[in-house]
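Given next, in structure tokens, is a single chain: the form predicted alone.
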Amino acid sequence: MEEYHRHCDEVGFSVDEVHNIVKECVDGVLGGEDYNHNKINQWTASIVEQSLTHLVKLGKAYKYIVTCAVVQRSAYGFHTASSCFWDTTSDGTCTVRWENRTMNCIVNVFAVAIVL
């Protein structure tokens, strides 16, 4: 991922804004694709790197953690959970669920406010 440094003083986590950014990244990487085990590492790396790049460019005072899981669709489903202990007035999280006929993708974004 390219380095991007910028003075950030805006704090305000917008779930809708983050959801739209991540969904565009996932659509751009996985849209039109069928599940292919050999491409999973490339796809997940692209999704998290693109998401982080766009989130940082918002210029908000956050540290971001982005995770991505892609699994082949099956009758067994796919379940995940997360929990955070933080300041709910400034920190935030967003989960994006994406699927097509051959795979499921879950992207989690955790945003921790930088307080100086």
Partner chain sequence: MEKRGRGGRVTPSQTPQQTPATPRRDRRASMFEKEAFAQILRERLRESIHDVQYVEPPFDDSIADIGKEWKSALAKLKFANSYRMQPLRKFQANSVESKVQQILKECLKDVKYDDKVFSHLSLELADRILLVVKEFGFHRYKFIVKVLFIQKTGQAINVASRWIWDVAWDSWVAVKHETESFVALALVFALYCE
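For clarity, every value in this text was computed on a predicted model and none was experimentally measured. Residue numbers count along the first chain shown, from 1.
This protein has a second form, the form predicted in complex with the partner chain, left out of what is shown; the following refers to that one.
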**Prompt:** How about residue 99: is it within 4.5 Å of the partner chain in the predicted complex, going by heavy atoms?
**Reply:** yes
**Non-hydrogen atom contact residue 66 with the partner chain in the predicted complex at 4.5 angstroms** = yes
**Request:** With heavy atoms only and a cut-off of 4.5 Å, decide whether residue 61 touches the partner chain in the predicted complex.
**Result:** no
**Request:** Between 68-96 and the partner chain in the predicted complex, list the residues on our side with a heavy atom within 4.5 Å.
**Result:** 68, 69, 70, 71, 72, 74, 75, 76, 77, 78, 79, 80, 81, 82, 83, 84, 85, 86, 87, 88, 89, 90, 91, 92, 93, 94, 95, 96
